[in-house]
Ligand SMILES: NC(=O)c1ccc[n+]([C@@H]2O[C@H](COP(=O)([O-])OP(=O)(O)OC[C@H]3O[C@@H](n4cnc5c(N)ncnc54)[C@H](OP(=O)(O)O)[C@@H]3O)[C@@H](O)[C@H]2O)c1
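Below you will find one chain, with nothing else, as structure tokens; this is the form predicted alone, and questions on how it binds or moves follow later.
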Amino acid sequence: MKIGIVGGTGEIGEGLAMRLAPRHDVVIGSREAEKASASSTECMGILRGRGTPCVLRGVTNQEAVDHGEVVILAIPFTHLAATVSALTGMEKKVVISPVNPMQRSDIFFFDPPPEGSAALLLQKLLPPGTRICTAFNNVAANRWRALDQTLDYSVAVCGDDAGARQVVRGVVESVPNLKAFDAGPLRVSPMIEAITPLLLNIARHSKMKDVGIQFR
């Protein structure tokens, strides 16, 4: 599977790239191609140092979209609208949003846009025919790059295109130990995105690390 990661030089983007690259054709995107190239070189060095063969390339965000059959938007919610508005060619592609709009005061709390969720905002911003799904929303950010740690999480996947949900579930389960669950249409996305601030509050007040979810 060809996967393009928009915003791939952050903690989540690089971690996703390293977890997915052994099994997929992955490119890391950034606004600056030089930054993406440096990130891909570093990630590839880490993987090869572990004896894991792979090929990673760093490209612009637009080139990541052009490359990917699946496009992952690994960007903060505050940059979401500006980033996707500058990109073209999303039509008919499977677009994964792991984006969670939230704020922090004395607690972490869900802070969605008027549309109700980051994914539903994307539905408004992206061209008709874009196959938007949520996935990876509730995986602890720092765990992605911690390659010695098993990602023993459940991943809820929602989207209005059943075929796209099946594709995304396959991408999720190509990461060892992750288990994907079909959560239904995109209007479920506010429920999925709101889980992340809940997990952060549990971790903080219960003195836990890397709290996640499992469905059994």
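The numbering used is simple: start at 1 and walk along the sequence shown. These numbers were taken from a predicted model, which means no experiment stands behind them.
The form predicted together with the ligand exists for this protein as well; it is not shown, and the discussion that follows is about that form.
Undergrad: Indicate whether the ligand has at least one heavy atom within 4.5 Å of a heavy atom of residue 100 in the predicted complex.
TA: Close contact exists here: in the predicted complex, residue 100 approaches the ligand to within 4.5 Å, heavy atoms only.
Undergrad: I'd like to know if residue 87 sits close to the ligand in the predicted complex, meaning any non-hydrogen atom pair within 4.5 angstroms.
TA: Result no; residue 87 lies far from the ligand in the predicted complex.
Undergrad: Does residue 12 reach the ligand in the predicted complex, with heavy atoms at most 4.5 Å apart?
TA: Yes - in the predicted complex, heavy atoms of residue 12 and the ligand come within 4.5 Å of each other.
Undergrad: So in the predicted complex, does residue 76 come within 4.5 Å of the ligand, heavy atom to heavy atom?
TA: Flag for residue 76 set to yes.
Undergrad: Answer with one of 31, 57, 169, 67: the residue that has a non-hydrogen atom within 4.5 Å of the ligand in the predicted complex.
TA: Contact with the ligand in the predicted complex is made by 31 alone.
Undergrad: Which one, 87-95, 134-142, 106-114, 121-129, holds residues whose non-hydrogen atoms are within 4.5 Å of the ligand in the predicted complex?
TA: Stretch 134-142 is the one.
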